[in-house]
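In the structure tokens that follow, the same protein chain appears in two forms, which are kept apart as structure 1 and structure 2.
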Structure 1
Amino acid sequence: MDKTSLTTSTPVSAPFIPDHAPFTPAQRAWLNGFLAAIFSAPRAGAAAPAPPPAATKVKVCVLFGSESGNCEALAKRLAKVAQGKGYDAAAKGLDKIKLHDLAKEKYALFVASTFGDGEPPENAKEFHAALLGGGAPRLENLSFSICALGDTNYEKFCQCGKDFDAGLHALGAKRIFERADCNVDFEETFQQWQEGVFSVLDAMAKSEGVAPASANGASPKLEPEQAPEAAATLAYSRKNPFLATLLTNRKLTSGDSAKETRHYEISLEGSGLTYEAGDALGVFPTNCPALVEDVLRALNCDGEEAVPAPDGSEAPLRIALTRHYEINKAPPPLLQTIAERSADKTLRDMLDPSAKDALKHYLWGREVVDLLVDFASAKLSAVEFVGLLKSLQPRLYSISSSLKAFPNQVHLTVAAVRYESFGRKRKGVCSTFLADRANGAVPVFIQTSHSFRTPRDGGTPMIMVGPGTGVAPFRAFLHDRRATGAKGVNWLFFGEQRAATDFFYRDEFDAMLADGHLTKLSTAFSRDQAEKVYVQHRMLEHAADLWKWLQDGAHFYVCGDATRMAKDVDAALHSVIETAGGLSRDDAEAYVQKLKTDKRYQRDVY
């Protein structure tokens, strides 16, 4: 045998895990990549293989359904990471792709939020309807994974992402990594999902002989906003909030108002934090001490019991309940455990899916402490109890100021939630923290908005609809435009209960009207006449002028309650376009859709 025969060999095909093997799709993909890597390695004594020809980049579609901008921002980060790893990737809204186009793709990653009562965000409604409706094309060629954003305080948590996951799978698409369901604090879960997705994608691409440029070895260089927050220890963020000084706590409502709405001014001096009009401020609250004591009594604890904190440290129970855990709304694990341990079967019966309405009725107006009292036979240790709670989350509030007008300050407009039910006085966690317990120090961070901004052209007209505390960002918009000398006309629709007691920022708006900065102010005070009048009614009354402003290029903004107000305002907008514009219902719908596509219809609703 000569020397040549010793250095040549016949290629050995790598084994492949079949689809029916007892592994999850993620495990199967990883194993296939692992086996491909082993069997593609040169054997001892074998000649080095010839370098392969330059491969075409593996394409990965990154698609987002976003209402407030979080999912859009995450999708863009995800696409940049993919590009850095050698993939052909770009972030695209779900309103920019059709199902028949998706059927031609091989890989797709989705980042989608849930809006309102389990609904898809505005830019994903058409895709959602097409996916779940009849006649959708088969998607056997597609491999996908989904990161869903939601809020566990809502019954239909991450429903849009769940719908996408089930719908895509039903059409034959294959999951390459299990869906991630993110709560309000989404960064850590998103990062874990991203790492898991790329570990599988890299293995799949490698097994197919088309590994991306950076799949072997070195990690891609990340842009600053993609780097883990821990690496930037000096930057204040959600994970490292700035302890700001509360400068002003002023009541906006007066007299016998049925509400308590307050104006807050907070100093950002020394933080380096900046924001734009349209952004939100995250506030980390603490729980009401009186409520904490009520919970301790119901648990029969003295508050000194050592329990784990969410970050893995240990804290006395009283401190943990004050600073670290949600103790208002009862989470499902606590409901389930109390139902199982209680001698009273009432809660157990209500947890049956068929008794969903009865459970909802029981929980309305009740909190964790009520469950502990109502089902006292269900004994829980301190450690067991905190293990069933959710961690205390920051609250986000629309900023009502402009840095250009108020340097080193951020302002908030917040309604304090206070009511009584079942013989107990209830308090909103963060709204009463700011009103009663902040004591001059407030832990804060900036939550950037990526889709709620004043027009780039200062000459563009603005129409703003902001009843109640929904006026907050529009106060910011108006101050911002005044500070920059923007010449565009401005129209504000504001509504509350009574003009005499609930007309927030009246002096400011009157002054802006007097000098022409605020071109029009249309108010709707629902309790000042026998028949209730709301902002949508004022829109209809001014239909002709509204239509003219829209035809002149105005941007249309809405901020406030998503459940009713935003829907009523949207319906009024369609009606204005139909009646004043003389368009058919279908044409009016197309007109509104064009406003959204052109970013001229923006909403900050919750």
Structure 2
Amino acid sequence: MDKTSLTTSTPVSAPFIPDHAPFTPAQRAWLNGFLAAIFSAPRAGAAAPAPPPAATKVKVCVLFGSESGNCEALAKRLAKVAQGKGYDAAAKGLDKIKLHDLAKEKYALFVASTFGDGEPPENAKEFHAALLGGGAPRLENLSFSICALGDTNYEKFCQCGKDFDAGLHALGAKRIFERADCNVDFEETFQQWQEGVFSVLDAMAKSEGVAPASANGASPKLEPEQAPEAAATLAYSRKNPFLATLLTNRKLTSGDSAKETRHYEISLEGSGLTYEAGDALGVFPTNCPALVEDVLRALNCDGEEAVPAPDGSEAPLRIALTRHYEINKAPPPLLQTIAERSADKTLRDMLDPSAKDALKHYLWGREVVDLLVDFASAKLSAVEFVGLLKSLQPRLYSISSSLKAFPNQVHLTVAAVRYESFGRKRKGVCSTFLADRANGAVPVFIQTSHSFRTPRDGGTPMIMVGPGTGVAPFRAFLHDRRATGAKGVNWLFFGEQRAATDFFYRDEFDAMLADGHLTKLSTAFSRDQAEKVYVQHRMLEHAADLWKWLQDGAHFYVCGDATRMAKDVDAALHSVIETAGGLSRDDAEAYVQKLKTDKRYQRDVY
């Protein structure tokens, strides 16, 4: 059938504006919705379409790729909204669907984040590989739209969502609404995307003669707190953090350590909040007052100027900069405006795409205040300035306690970010908020992890690789297993710079070793000998044992630094499997893939 024919009396699919048509993405999305609606309307001379069978519901697959839970929560909300509008919708992880099953579906909405260095989240890796690899089925039957979550601080912003969008399109699936790329404050963009998607979907479903029960109604808006799992348990959430009491703030590093890593104990008393070992705590910080004063001085402001806060309310500039906006890292819109207004054209030159490396080099160790000082000829009003900033975001910390061992408490293991550059002492916002400025009260929420968990069977062996603050969830795992009486053997790899000053929780781990709860503890202190030794070197030294534990069904966990450590540990794991297991490179790769598929290789890296 000619898809664009307007004369047929049977329902036809609406035509699509192709990507190469001379429209902006927003115009194209609007036109697609308009065409879908036109094609759904009864046509002159045409027989009225048969009324939909009462029980028919249009099926919409809502699929999520999510590592730390944002996309999962949004997908569940989206499915609820779809159900409220009369669709047959359910949210499903991308690890729960195969491409050939997707090929049979008509409508799919994707919500997917990006992790690592532009990689898909763990539960979307297989789907991503299948979609972009050879041999994927054609998806001509499918109409889709994608909401991508990411963070503009990463070079490969929303890369996974972009990959899905291009991959689905290349296989013949029809994009019914332009992809939305959401930054960390994703709520508004997500809401706009959701409304846009349903305006098109409602019209398309109607054109199929199977309009959902309430397709003409406005999208019921669900607040994040109404997400199914949240509504059941949590009154406190990211949108409504709990002001918790900071009970303990203790330095874990000692003497002349180059690091300042601290142990925090926070009371959840009265909040009703619960968590599982493997979850993270979200902490809302405030900025350092001394930095706020430096920024005010550089702006030539007294701090009393009224400016909009991100939620639309009004606040004096000093308060807004302390509580509501990121003032460390300079965001692209600020760079752009300063470059345009400055008499000095250095920044303008560095913003040219060909000078990417020079810009990166200039920005390393420089913050908003440096930009204001270095390009002082660029004048900005207080209102203009905050309009160019990003809203202050909470930071996540792997929880290092178990509720079963420490009722009503949550413990954290946090490295304070402090360094000096270009003549200024710099402080990471949240890690120094906890260390120096929390004053006994910390706004927090629980960020549920959906995969980073102890094995269900308490008898399963665990291998945990957690150098530095990466040890945090493994302290939680060990306390949790002790509290539940789990009998499985436990092996911890820990590493830091020096045993004398940086061996966190040494007494606890020694006691666990002594009573047999911790079966093996392998440490790597990089600066205690002439040659640098890291956890991956210890893994290679213990290759035969590691292989045996894996063959005995051990789960393998990694937590901590994503940029180098996690990659080196991954390479060491492959090497252990090749050398001790005697597998070829390809078979070792397949073995690791199988560990991942079986959820026996889990990572919490940042």
Ligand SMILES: Cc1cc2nc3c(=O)[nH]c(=O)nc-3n(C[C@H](O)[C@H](O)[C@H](O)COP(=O)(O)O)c2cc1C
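Definition used throughout: the rigid core is the maximal C-alpha set that superposes within 1.5 Å between two forms. As the structure is a prediction and not an experimental result, all values here were calculated from the model. Counting starts at 1 with the first residue of structure 1 and goes up one by one along its sequence.
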| query | finding |
| --- | --- |
| Form predicted on its own, given as structure number | 1 |
| Core-aligned C-alpha movement of residue 456 between the two structures, 2 Å or more | no |
| Post core alignment: residue 520 C-alpha displaced by 2 Å or more between the two structures | no |
| Core-aligned C-alpha movement of residue 94 between the two structures reaching 2 Å | yes |
| Between the two structures, how far the Cα of residue 127 shifts once the core is aligned, in Å | 5.2 |
| Cα shift between the two structures at residue 186, which is computed once both forms share a superposed rigid core (Å) | 3.5 |
